[in-house]
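Only one chain is given next, in structure tokens, and it is the form predicted on its own.
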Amino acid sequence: MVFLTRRSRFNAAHKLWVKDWSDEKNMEIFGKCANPNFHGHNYTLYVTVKGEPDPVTGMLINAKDLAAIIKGEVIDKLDHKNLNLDVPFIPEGMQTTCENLAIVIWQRIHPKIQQCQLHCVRLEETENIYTEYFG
């Protein structure tokens, strides 16, 4: 089994907030992420696929094709967007945590990868925190 990972980056704003909670509780639980005017992150996305290399090409998937899937399904849709307001495929009211975003990204790209299997979506929100989702 061989694993191949593609790295991409995007910038986006979001706010974590539970409308049924007080301002104080939201700030206590979410801290800076509850900023009323949103805040942003420079996300780094790693998409890992797995399988056996094609005997002719030696590839799991053409790296250009994988890059195009990620760009078309994720980067073009999320980059420089407000994740709470501007992205139709993020369900209304869903907390735009790193964890939930990794799941949504998986759901976007999983059906598009045909030549091999999607293994992992890793989303880094900061240099100190990331989420890995294995479907």
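Note that the structure is predicted; figures quoted are calculated from it, not measured. Numbering starts at 1 and runs along the sequence shown.
What follows is about the form predicted in complex with another copy of the chain, which we do not show.
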(message) I'd like to know if T126 sits close to another copy of the chain in the predicted complex, meaning any non-hydrogen atom pair within 4.5 angstroms.
(response) yes
(request) Check whether I113 has any heavy atom within 4.5 Å of a heavy atom of another copy of the chain in the predicted complex, and answer yes or no. (result) no
(request) Answer yes if any heavy atom of G58 is within 4.5 Å of a heavy atom of another copy of the chain in the predicted complex; otherwise answer no. (result) yes
(request) Verify the contact flag for C33: yes if a non-hydrogen atom of it lies within 4.5 Å of a non-hydrogen atom of another copy of the chain in the predicted complex, no if not. (result) yes
(request) Decide if the three candidate residues A13, N100 and I103 all line another copy of the chain in the predicted complex, where lining means a heavy atom within 4.5 Å. (result) yes
(message) With the partner left out here, which residues of 75-99 have a non-hydrogen atom within 4.5 Å of another copy of the chain in the predicted complex?
(response) D79, H80, K81, N82, L85, D86, Q95, T97, E99
